[in-house]
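In the form predicted alone, a lone chain appears below as C-alpha cells.
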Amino acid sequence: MSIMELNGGSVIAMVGKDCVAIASDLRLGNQALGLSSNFQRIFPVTDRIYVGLPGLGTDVHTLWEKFRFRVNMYTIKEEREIEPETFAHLVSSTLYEHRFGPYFIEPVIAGLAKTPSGGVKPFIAATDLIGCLNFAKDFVVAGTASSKLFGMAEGLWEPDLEPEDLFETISQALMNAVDRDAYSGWGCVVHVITKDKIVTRTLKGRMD
C-alpha cells in the first residue's frame, strides 16, 4: 500500500470561459474503513485562488497552515494580493524544500489571474509531492481516483464552458469517477470561481 492512498480522496480542477472550477470528494478513511464524510480538502487562498490538497490527512492541515502563513507574509511584504501563478511557485518551492522527507500531498491549484487589460484569465496547475509543477489548459486531477478522473474529464470537458456548464461537467466527472474508486466518494464539494463571485455547492453521493 502507498502512503498516498491511506486516507483516500481525490481533487479535480477545470478551466471554463473566464471561470475555473475545483472540486473534491468528502471521504476520509483508513483505507477501506470510513472515518468521516465531511473532510475538507479544498481551501481558499484569496478571493480568486483555491488549493486542493489530496493525500495524507495529517499533512493536509499541516501544509495548509504553512501555505496560509507564507501567503500572509507575501501580502504584508508586497502590499498586494498574490497571483495564482506566483502561488503555484510558492507551493512548488515549499514542497521541494522537504524533498528528502516529503509531505504526502499532491496539491491542485485553481484561480483567476488578472490580465494587463483588466480582465481575468483562468489558471490551473498541479504538483507532485516534491513540487514538480504541471500547468494545463483544460483540467488537472490528483488523488486515488485520478486514473478514473482522467477518463471522465477527457470525455466530458469542452473548451469555453460557461460557469453553469462547467459546474455540471466537473460534478459529473468527479461523481462518476469516485463511484469507481473504493477510497474516494461520499459526496463532493464544488467551487466555481468567476470574475464576480464564487459559487460553492455540496453534492450528495453514494455512501456505500
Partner chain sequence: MPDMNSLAHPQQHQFNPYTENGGTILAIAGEDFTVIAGDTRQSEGYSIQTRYAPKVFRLTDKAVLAVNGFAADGNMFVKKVRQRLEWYRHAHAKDMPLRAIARLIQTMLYARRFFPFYVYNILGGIEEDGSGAVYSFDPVGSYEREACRAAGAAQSLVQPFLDNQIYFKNQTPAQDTSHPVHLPLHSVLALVIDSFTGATERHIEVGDGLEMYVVLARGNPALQSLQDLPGAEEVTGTQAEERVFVIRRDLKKD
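On a predicted model such as this, the values are computed, not experimentally measured, just so you know. Numbering follows the first chain given and starts at 1.
Not on display, but discussed next: the form predicted together with the partner chain.
- With the partner removed from view, the residue among 164, 65, 154, 47 that has a non-hydrogen atom within 4.5 Å of the partner chain in the model of the complex turns out to be 154.
- Only one of the listed residues (30, 40, 172, 36) places a non-hydrogen atom within 4.5 angstroms of the partner chain in the model of the complex, and that residue is 172.
- Judged against the partner chain in the model of the complex with a 4.5 angstroms heavy atom cut-off, the residues 59, 87 and 94 are out of contact without exception.
- Here the chain stands by itself, but in the model of the complex one stretch of 65-73, 22-30, 135-143, 47-55, 135-143, has heavy atoms within 4.5 Å of the partner chain.
- With contact defined as any non-hydrogen atom lying within 4.5 angstroms of the partner chain in the model of the complex, the contacting residues in 179-206 are 179, 180, given in sequence order.
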